[in-house]
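Take a look at this single chain in structure tokens; it is the form predicted alone.
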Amino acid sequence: MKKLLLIFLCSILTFYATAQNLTRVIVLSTGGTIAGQQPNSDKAGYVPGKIPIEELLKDIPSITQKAIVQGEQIASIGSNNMTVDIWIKLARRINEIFAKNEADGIVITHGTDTLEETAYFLNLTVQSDKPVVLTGAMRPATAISSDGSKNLYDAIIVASDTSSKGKGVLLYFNDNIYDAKNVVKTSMTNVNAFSSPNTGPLGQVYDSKVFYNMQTLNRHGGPAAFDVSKIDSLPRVEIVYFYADASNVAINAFIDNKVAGIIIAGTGGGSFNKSILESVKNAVKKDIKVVRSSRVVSGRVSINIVGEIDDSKLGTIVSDNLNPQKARILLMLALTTTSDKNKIQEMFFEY
């Protein structure tokens, strides 16, 4: 019955959107600070994901002049509790919406802690070139001067703009539009919490108008995306954080637990000490894929650095300019299609 009602509502929205020449946008909510509720509007503490998407949309009534908008609740969590299961659920729902022509664009509201990770996962799994835009907030909905309503309003503007098509999954925050691969959270407290250190933003929104200055050339979604339609789980990949005088206890524990892959968040260009090096050799012998990434916020990890690490000899993969958390996502998805190290390395250069 619910499915029939949804189809009926989508049909009405399609007719209305056509009649008014407005774009249809579905907002998928996962919770987060943008839906957070606090006991005191002037205090930092709050409970994430408490306010349903329908209530958030009521705070931006003028958006109805720009697009036909409907909300759908996918989850109600803080993004520190985001899971692979929810990622797969999101990707499947997005692909379903576009396959059935239920919307022209999609916005996802999300907590900021893992926002960049969800964006990158969807960037690799959404099988359409229609706009998908993620956004969130640094201040809960009930706070003084909350930033959520403006971010949500502008994200819908971005998703409804025809120039957003074909750019991969986007992230909108505090006036700026970022691509999913390069964006990273760079502040724990400021409302200007995101940036793309390697590239800068793709564009901006000003006065309800979208302006693009750049376009990413990296491969993303569309028909060639990773297919998660028949996948209920992903291979287990873990991250090992390296620091001065780090032991091999953590990496050895992952090896003993027979993980499918390990990302090393190394120093500088992806380096680590002799203790970790011996464990990496052991992991590779056990057919565990090891990727060298870096804890540094910008730059890239190069392959076969003279005098440092010979990846060809060691059997490791380099993350190029993917940070550890995004390298983990790509490796998990890559392992659903191949176990060939060389093919996986090409994916890191491509995506």
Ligand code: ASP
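All residue numbers refer to positions in the sequence shown, first residue = 1. Because the structure is predicted, anything quoted here is derived from the model rather than measured.
FYI, the form predicted together with aspartic acid isn't displayed, but the following is about it.
Think of it this way: in the predicted bound form, aspartic acid has a heavy atom of just one of Ile276, Leu122, Ile255, Met138 within 4.5 Å, and the residue is Met138. Contact annotation: of the candidates Gly78, Gly203, Gly266, Gly261, the single residue with a non-hydrogen atom within 4.5 angstroms of aspartic acid in the predicted bound form is Gly78. Within this chain, Thr112 lines the site of aspartic acid in the predicted bound form, having a heavy atom no more than 4.5 Å away. For Thr33, a non-hydrogen atom is located within 4.5 Å of aspartic acid in the predicted bound form, even though that partner is not displayed. Looking at 211-219, 277-285, 130-138, 164-172, the stretch with residues near aspartic acid in the predicted bound form, meaning non-hydrogen atoms within 4.5 angstroms, turns out to be 130-138.
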